[in-house]
Each structure stands twice: as structure tokens, then as C-alpha cells.
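One chain comes next, on its own, written as C-alpha cells: the form predicted alone.
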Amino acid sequence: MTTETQEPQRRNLARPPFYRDVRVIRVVSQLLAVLVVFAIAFWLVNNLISNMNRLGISTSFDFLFGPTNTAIPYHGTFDPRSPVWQMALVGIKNTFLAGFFGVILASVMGLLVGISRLSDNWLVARLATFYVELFRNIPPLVIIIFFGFAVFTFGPFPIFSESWELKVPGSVNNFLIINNDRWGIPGFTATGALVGFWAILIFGVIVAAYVWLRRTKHFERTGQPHHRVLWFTGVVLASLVLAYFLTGQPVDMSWPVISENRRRVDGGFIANWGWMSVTFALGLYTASHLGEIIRGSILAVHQGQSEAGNALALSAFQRYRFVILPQAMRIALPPTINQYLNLVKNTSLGTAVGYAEITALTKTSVGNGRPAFQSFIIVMAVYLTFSLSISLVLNIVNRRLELESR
């Protein structure tokens, strides 16, 4: 028998039977696991539908088109005869507002606290440490309730009828209205069609983004300062002014004012105590965690980088701005994503202070007889969409910040 015929026979003899083949076992075990999961899910769903039918509860989503028969706090323009899906949109908007401004507050405060923790000034470093230890070790629900009742409802601010009205110097217009129920600040009101205004402004933002990229490439090619933030801001402001005048000035300034019966605030932007409680509480709570993340990320940057900045005669601000923080952000961004996700999901705790976010409104809807299963499926889908969107955007940024290995 030749060597050529012996080799295939050796391979056939060395191959184990299929029921002992590791590759076959892996595939079969995974298929069995998937089948078991689907079987359990099918059993649970079938049992749920059977129980709902037995209790006379509808399994459809037609309830979304029925009237809410519920008023929403601080949304006087909302009609209780409106369908449930419109109430859900209000809840989604309020959840977004609390999460968006909470993320901004947490990012700014977290950066300041993280840098302050490493300050050579004894008082600044100890105050930052006290802040971190205070907020990080208290449950966010307790902080929300503290802001809602100890700060606003029964706090130092006056009742609505005795609101503080801060005037613009040399004017009768109010710059700020403060009370324990809601705050009013200057805003804008539409006096004409805004389609053209927004079209020009959006086009300006796209042009500003293009300018940002061009300035970045110019810096990478020549090493000259890019000033991309100034260029971006300038283009956006120029677009805003251009859109304002080309479309016939469709936007006018709106100043907050107390109504004659002193029961409401008209004009401007109105922030109610529920939104402020949730936003401030979650922003400050999350900032205590972000501060530690940023502090650890700064310490992870090699000391030689700071010494190189000193050798170039950079000031402390320039050293952090151009040398330390850009490298620290590469380390800090992945855990920061988790903190942002937690903040957005924790907005559901706003129900404790009566804030009309999606969870609180859904609980009210279910209490009025709407099916709980379909209602909370929608709530979970909303939070899942928020979380996946944040993860997608920040993971793209994270990949842009990663060092490229050669």
C-alpha cells in the first residue's frame, strides 16, 4: 500500500464518530438551547394570552386610540379626550428632556469634580471628595425626593402667589420667576411659519459640521491651530441670523410674566418642580460617579505627558486641555456610557415626585383600566430605544477616539 493511500485512511481512523465530535456537539447544544428558550417563551406567551382571555382583557393595542380621560400635570393644553398614544408621546418627550439636561449637568459637574479631586489646593480637593462621598452613597430615589420636597415643595422658595420676580436691568421684563412650584425664564415664540427658518438653520449646521471636518484635516496636515469650535459656532450663529431675517423674523422674544390671578406663568420657558427635581438629582448623583471615572482616567495618563507639557511651558489649563484630557477621555468614555444609560433609565424614578415621564403616565393609564402587559411593553421599548441610541452614538465616538495600532 502506497503512502498516498495510507494518509486518507489515517485521517478517517483518527476522526471520532459524530456523537463525540466536539464541533457537532457545540452546534447541537446551541440549537437545543435556542429551542428550549423559544419553547419557554411560547409557553409563557400562550399562558398569558389564555389568562387575559379568561379575564376578558384585550390582547390588542387598540386602546392606544381611545381617549385618555386624564389630565397631565403642568400640561394645561393637553386635552383629556386625546388618544392614549398622544399621552405616551408627552411622556417620551418629558423623559427625553430630563435625560438630556441631566446628562449635560452630569458631564459638566463630573469633569469639574474629577479635576478638582486632583487639585493641589487642599480645600478644593477636600470639597470635591466630600461631594463624591455624599452623592455616591445615597440612593438616587432619596436624592430625587429630597429635591422634590425638601428643596422645592417645603424648601426655601416662596409659594406661587409670592413668587420672586427678577427684572432685566433697565426694563420691566422679567428675567427670572422663582417659586416652589415652577420657574420661568425668557424664551421664544413663533410669529410666523418656521419651515423655512428650520430648513436654513439645519443646512447651516450641516455646513458647520463640514467646516469642522475641514479644519480638523487642516490641523492634521499642517499642525496649525484648527479653532474648529470657533469656526463651527460662527457658522451656526451666522446661519441663525440669516434664517431669522430671510424668513421675515418668524421668532420673537417671550418674557415670563405672572398672570393677573397669580395662578400661572405665561410666556417664556416654564420649568416645573418635578422636572427640576429629577434633572438636578440625577445630574448631581451621576456626576459623583463620573468624577471618579475622570479622576482615575487622568491618573492613568503617564506622568511623562504632564512633564512634557511643563517642558513646553504650557499653563495648567493648556496642559489639561491639549495633553491630559484628550488622552484621559479615551479611557473614561466606555464607563461613561454606562453612567449615561443609568441616568436615562433612572428618570423612571420621577414618578416619586409626580413628574409626568413615560413610566408615571403609563402607571396612570393602567390604573384607568388599560391593559398592563401591552402598556409596559411600550415603556420597555421606549427605554430600549433610548439606551441603544445612546450606546450607538457614543460607541461611534469611542471608535473615533481609539488609538490606531500600526
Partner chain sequence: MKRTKLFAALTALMLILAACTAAEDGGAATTEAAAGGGDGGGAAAGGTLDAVRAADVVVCGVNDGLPGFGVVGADGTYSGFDVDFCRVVAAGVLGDADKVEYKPLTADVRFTSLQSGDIDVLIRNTTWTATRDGQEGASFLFTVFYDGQGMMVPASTGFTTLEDLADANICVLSGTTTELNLTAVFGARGIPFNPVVFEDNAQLRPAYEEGQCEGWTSDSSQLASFKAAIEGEGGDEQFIMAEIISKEPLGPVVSDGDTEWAQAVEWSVMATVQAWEFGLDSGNIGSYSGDNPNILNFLGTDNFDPGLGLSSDFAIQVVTQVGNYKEIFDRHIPAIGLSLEGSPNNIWTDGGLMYVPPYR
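Residue numbers count along the first chain shown, from 1. Just so it is clear, the model here is predicted, and its values are computed rather than measured.
Beyond the structure shown, there is the form predicted together with the partner chain, which is absent from this document and is the topic of what follows.
Using a 4.5 angstroms heavy atom cutoff to the partner chain in the model of the complex, all of 55, 154 and 368 count as contacting. Per the 4.5 Å heavy atom criterion, the partner chain in the model of the complex is contacted by stretch 146 to 154, the sole one of 146 to 154, 117 to 125, 96 to 104, 166 to 174. Using a 4.5 angstroms limit between non-hydrogen atoms, residue 351 touches the partner chain in the model of the complex. Using a 4.5 angstroms threshold between heavy atoms, residue 400 stays clear of the partner chain in the model of the complex. Although the partner is absent here, residue 384 sits close enough that one of its heavy atoms falls within 4.5 Å of the partner chain in the model of the complex.
Among residues of the shown chain, residue 227 is not one whose heavy atoms approach the partner chain to within 4.5 Å in the model of the complex. Between the options 71, 311, 213, 237, the residue in contact with the partner chain in the model of the complex by a heavy atom within 4.5 angstroms is 71. Taking a 4.5 Å heavy atom cutoff to the partner chain in the model of the complex, the contacting residues in 370 to 388 are 372, 373, 377, 380, 384, 388.
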